[in-house]
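Take a look at this one chain, the form predicted on its own, written out in structure tokens.
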């Protein structure tokens, strides 16, 4: 493995104060901290139903140091579009408007509104923090849940492969779409910084390990997130204008997938054949990616 990023870890800006309501080891809070450390206080969040509906607390108490609006599950991109229009109409269009949604609100319930906003090229940043299930309501499977992962609604193991949300968003031809990980904060914050200076719809897909749903100790959050990248399960890439794909971190050599699966209880009981099947799936995706993408590693 590579050594942990250092520059981003030196950031001291605090946009989520202690006392928030996240589970111990929550990766989503780290993602929020990194994103806001780049965008700053002049940011307005739209929060459709997700873990952050709980983490951000109940009015008038909140750990968040930016303005935010809670909204319905399916309306993440729609509320962000409206917020941006309202801010522009009142002379405050310079503020960053961020829709902050989980995988359920992005891959499933909010996809229609998100597709509409992308088609209109709304000037918003849409962040999907992906913990690969509906974690705030009890770990039900979403279309981001990996094959063979056990959730409360897939107790024998998920039967489908995870939806490729980044390809779906890139197909809209939006200016910028990228994947990022909380285990690679320098890469993550560099992508936020890049998105910050682009006009139009920008989409960030951030994998956030979830100790509660992934059934692992709370101190394994970063290890799991890093292994997802090092094994090739979650490539770090960016896609500009729906065409140019760049790999921003190249794991060499890639770590065998079994190491990533073995630390998570949600994959317990997988057979050798099932592990081999997933490894083949990852290998095939990597081969396709390497044929079509550029590599740009700092």
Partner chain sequence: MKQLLEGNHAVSMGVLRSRVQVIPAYPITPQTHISELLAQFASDGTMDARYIKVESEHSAMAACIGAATAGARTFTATSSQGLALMHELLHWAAGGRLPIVMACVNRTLGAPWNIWNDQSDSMSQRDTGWLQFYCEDNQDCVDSVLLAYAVAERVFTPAMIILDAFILSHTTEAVDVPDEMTADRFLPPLNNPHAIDLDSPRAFSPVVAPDHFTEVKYRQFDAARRALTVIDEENRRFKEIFGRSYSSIETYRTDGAETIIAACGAVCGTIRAAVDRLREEKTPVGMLKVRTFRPFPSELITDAVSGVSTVFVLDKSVIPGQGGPLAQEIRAALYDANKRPRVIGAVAGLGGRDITVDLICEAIRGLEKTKDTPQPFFLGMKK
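Numbering follows the first chain given and starts at 1. Keep in mind the model is a prediction, meaning the values are calculated, not measured.
One more form of this protein exists, namely the form predicted together with the partner chain; it is left out here, but the text below deals with it.
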State yes or no: in the predicted bound form, is some non-hydrogen atom of residue 88 no more than 4.5 angstroms from a non-hydrogen atom of the partner chain? yes
Given that the partner is absent here, does residue 113 sit within 4.5 Å of the partner chain in the predicted bound form, heavy atoms only? yes
Is residue 258 near the partner chain? Define near as a heavy atom within 4.5 Å, in the predicted bound form. no
Hey, in the predicted bound form, is residue 29 touching the partner chain, heavy atoms inside 4.5 Å? no
Within 4.5 angstroms, counting heavy atoms, which one of the listed stretches 235-243, 263-271, 55-63, 249-257 is next to the partner chain in the predicted bound form? 55-63
Candidate from 92, 215, 194, 163 lying within 4.5 Å of the partner chain in the predicted bound form - any heavy atom: 92
Ok, 125, 228, 78, 174: which has a heavy atom sitting within 4.5 Å of the partner chain in the predicted bound form? 78
Has each of 71, 74 and 83 got a heavy atom lying within 4.5 angstroms of the partner chain in the predicted bound form? yes
